[in-house]
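Presented below, as structure tokens, is a lone chain in the form predicted alone.
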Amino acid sequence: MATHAEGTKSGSHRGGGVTPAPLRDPDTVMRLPRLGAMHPSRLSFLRNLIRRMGREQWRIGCPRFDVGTDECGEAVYTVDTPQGRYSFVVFAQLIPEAARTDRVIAERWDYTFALTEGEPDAAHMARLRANVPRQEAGRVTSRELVLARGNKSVRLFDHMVAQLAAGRQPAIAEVTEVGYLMRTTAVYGNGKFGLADYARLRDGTPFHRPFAAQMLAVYLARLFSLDLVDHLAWRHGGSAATRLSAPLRRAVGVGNATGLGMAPFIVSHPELMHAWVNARETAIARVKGVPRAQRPRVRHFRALLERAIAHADQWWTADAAQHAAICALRRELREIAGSLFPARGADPLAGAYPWRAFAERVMRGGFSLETQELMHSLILEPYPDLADDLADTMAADETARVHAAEPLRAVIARIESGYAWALRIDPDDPAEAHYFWYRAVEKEEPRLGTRHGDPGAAREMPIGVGHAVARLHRELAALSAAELARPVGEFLMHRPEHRALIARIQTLSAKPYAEVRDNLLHRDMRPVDLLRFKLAFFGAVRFDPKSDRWTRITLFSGAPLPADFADPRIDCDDSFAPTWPATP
């Protein structure tokens, strides 16, 4: 099948006698419950960025940090890369608690940021100062790559400042309950609001991989939050103050609150989704094709499995469904560890094609989706030589085209081959069209409405691809043989409303991981599954759903500090399943 051919082609150059296994069936991978159990991997965007920062020895400086005890002021960080210098500009203010919200409709934030080319002079700083704190209401230019904002996590932030000012490290229990000092509430790039288009970043910059510039901005926002608590502790405590310990600095991440606004991106960029998932699945297939597991690789896997158990033990959420999933994950990881590394008996990883046998056992052994997907991410960790190069395949040319000369019967064949999952949808069943997606008038924020109950259906977005394909197939199947022999172009002259959908079907026929293979309008659909899918590719951990429509997560927990990139004793690419230090 096509997926096997793709896996073989992409992995055929690998050494060591590796013949990649077939890629997993998209009908398995692209279902909502599994997407909602995804975990980050070596190919997550923040990991890709960190590896590049370490490999190229990026240097991060802070020529300006002018924030007073009132928590207001400015800071500038510089990032020197082989492709040039970039600057991260921060504007800080202390806002009232009532104004502090994670919603996109907020108008004031504790911190606003811009990632810009070069180092800003006085005139450039004046322009940024006048516009960046206003975010969407301001004006930026193509010299700026990213516009972002965030709010502090007040309780942990204040606790840390007070403890450090008194010369003590913060209490581990306080740190682990939250995990971050700041939450970003929006990180914009790729041409939005006048920022540099992605096309400008593809050549001659270090940001040609998807979301690399945005990930750098988040990394630097985390750095600013860590520097800020040290700075304020010194301003309050003077000579009695101490700095946050290096282990805690590495463990603390940056938070993010993500809602429905992220979900339509997945449907609007199907070729990009295929590129992301295909890269991960190809890496998994390569590792499954390893004929024998060398002992150093097994030791690495075992150490990370033990860390994954500790990570799961430290993962907390108040959401009942996610809490139950975490509890199952904890039990199952211990069961896997006990069976793979028994005190006595045969070593299950000593046989032929051990990772393929292990993955098949996990998939078929009654383990939860959480455990299955964590294990598929984990088997990649000992094999950077089989995975990391695929980071360069995760961009996509996203131009959908109509093949006007193709006969209509070929469109039916494409649907029945590539969209069989959509044909299980009954367009006449109200449960299958229970929801509709639309953009609110205010800030064009994506929202989800209940059909026949909520206003906004006149502004419906084309998110229900499966439902639309089922309706199109019904219409085409009712045509005569003579009508089905007509070219697509002639049909669209009379039915132009189908143009975008037919172009999508034709374009994606060779991209099996492009579509979420579930009805996104169904009554039982959980939008949070879509959010987790995308966030896992960003590199998010500690998913903490606040409803089925938004979640909080942590990014860059366990990531290296700027000084670590120049320290040969530190493995900067060792942040899988991050855990908290035992003591401050």
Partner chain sequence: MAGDAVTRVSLNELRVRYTRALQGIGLPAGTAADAAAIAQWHDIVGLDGARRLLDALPRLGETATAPPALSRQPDGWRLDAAGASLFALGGVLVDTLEMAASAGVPAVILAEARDVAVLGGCADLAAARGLAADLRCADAAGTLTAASDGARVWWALRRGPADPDVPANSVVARTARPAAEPGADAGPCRRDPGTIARHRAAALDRGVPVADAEWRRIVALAELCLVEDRETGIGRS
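Numbering follows the first chain given and starts at 1. Just so it is clear, the structure is predicted and the values come from calculations on it, not from any experiment.
Beyond the structure shown, there is the form predicted in complex with the partner chain, which is absent from this document and is the topic of what follows.
Think of it this way: in the predicted bound form, the partner chain has a heavy atom of just one of R302, R486, H208, R235 within 4.5 Å, and the residue is R486. Out of the listed residues L94, A137, A173, A405, A405 is the one that sits within 4.5 Å of the partner chain in the predicted bound form by at least one heavy atom. Of the candidate stretches 227 to 235, 448 to 456, 372 to 380, 420 to 428, only 448 to 456 has residues with heavy atoms within 4.5 Å of the partner chain in the predicted bound form. Under a 4.5 angstroms non-hydrogen atom cutoff, the partner chain in the predicted bound form lacks Q294 among its neighbouring residues. The closest heavy atom approach of E497 to the partner chain in the predicted bound form falls within 4.5 Å. The shortest heavy atom separation between E416 and the partner chain in the predicted bound form exceeds 4.5 Å.
Interface membership of R549, defined by any non-hydrogen atom within 4.5 Å of the partner chain in the predicted bound form, is confirmed. Relative to the partner chain in the predicted bound form, residues G194, D197 and R401 are all within 4.5 Å by at least one heavy atom.
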